[in-house]
Ligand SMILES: Cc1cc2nc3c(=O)[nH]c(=O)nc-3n(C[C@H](O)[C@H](O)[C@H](O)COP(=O)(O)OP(=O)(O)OC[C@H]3O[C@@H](n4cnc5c(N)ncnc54)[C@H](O)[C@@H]3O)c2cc1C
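Only one chain is given next, in structure tokens, and it is the form predicted on its own.
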Amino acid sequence: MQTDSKAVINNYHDLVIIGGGPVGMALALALHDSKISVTLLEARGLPEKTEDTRPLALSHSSRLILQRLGVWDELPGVTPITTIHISNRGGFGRTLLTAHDVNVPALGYVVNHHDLFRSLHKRLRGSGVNYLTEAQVTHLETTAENGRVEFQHTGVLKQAIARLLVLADGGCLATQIEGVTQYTQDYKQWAIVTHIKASLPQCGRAYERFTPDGPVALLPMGKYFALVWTVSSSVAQEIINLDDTTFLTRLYEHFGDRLGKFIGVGKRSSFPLILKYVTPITAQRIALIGNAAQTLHPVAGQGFNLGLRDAWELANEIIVEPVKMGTPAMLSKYNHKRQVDRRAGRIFTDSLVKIFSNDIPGLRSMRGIGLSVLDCMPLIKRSVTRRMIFGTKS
């Protein structure tokens, strides 16, 4: 393998995390008092230079994790969600989920992705964790005793050896892992993300409106709303390229008048929607968490929260028995503990997309009945809400 430098640097660690985004940083922070040597390898530059205005919907359980990591109180621009209004375009029936129903201060919280990224990094700088940016991993391999990664950093080919390798990247390296199978499903949908100003003020209520083309979500964010609009791939570029006035008119026709008129829109971004997951999430001296383990449709906002629980549970397994870190017994135990939560989150979001993203007349009526029945059955609604907040440990 060629490199710009003749030097090859060897480093030995207890743990190497590949992917220094929010989930990878959360894992490192959860371990920083445990005397375990941790190195994070992040392919991008410094978080302070990152501008990612995508909204993140953090569940109440994610808030509890971030509080334990010492990050929550430093996080700017947090907007609570106290109520979620769920409806079905073109049909009757709706349901309301409230924080009061499950006895929590808020069902969730909306933040900017880059604000969370920066707050985690600020906390990490004082933790003693070795965080390398612009570190592009090119190869990884394992033996029964350890894992080894090769990465390019400052023009030098470097090598890191650790008792455990954790993949917290976007899943690009999963194909290099023997015994791990990756599954991918293209929803043939795109998400258009932006900020919207409405004539009616936000009051802590989020809206999830299902349509034949996919869900449209409006989340309270400061004085405005964060929009996540799912459209079919065939019209995505057309909608992105609309002028502001036409875009807002199209959105109003699609969403309805619950928030009055839409009177302002920010910069738009978009990305394709897929379901991607691996099984199992562990291999010889390797564990996968976050988007490396599963990438979900944004409906119901489960993806990041599931990844944060991955990191928290893995940290707990390491802390309980650090001498067993990376062993088959430890990894098998972690895989088993995460199996139900991951599967439930994946099936839940995938089922919502498949059941609601169509215009089949009979199914449309059933969807409306289902929403109405759920709204009239507080015990079931409470159970569903707690599952959305806490996962299978509700």
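The shown structure was predicted, so the numbers you read here are calculated from the model rather than taken from an experiment. The first residue of the sequence shown is number 1, and the count goes up from there.
Below: the form predicted together with the ligand, not depicted.
- Taking L69, L331, V353, L56 one by one, only a single residue has any non-hydrogen atom within 4.5 Å of the ligand in the model of the complex, and it is L56.
- Checking Y207, F255, F247, F304 against the ligand in the model of the complex, a heavy atom within 4.5 Å turns up for just one residue: F304.
- Judged by heavy atoms within 4.5 Å of the ligand in the model of the complex, the contact stretch among the candidates 257-265, 99-107, 169-177, 277-285 is 169-177.
- In the model of the complex, the ligand stays beyond 4.5 Å of every heavy atom belonging to P215.
- Residue contact with the ligand in the model of the complex: V16 places no heavy atom within 4.5 Å of it.
- Among residues of the shown chain, E42 is one whose heavy atoms approach the ligand to within 4.5 Å in the model of the complex.
- The ligand is not shown here, and in the model of the complex it never comes within 4.5 Å of any heavy atom of T211.
- Contacts between 178-215 and the ligand, taken as any heavy atom within 4.5 Å in the model of the complex, involve A191, V193.
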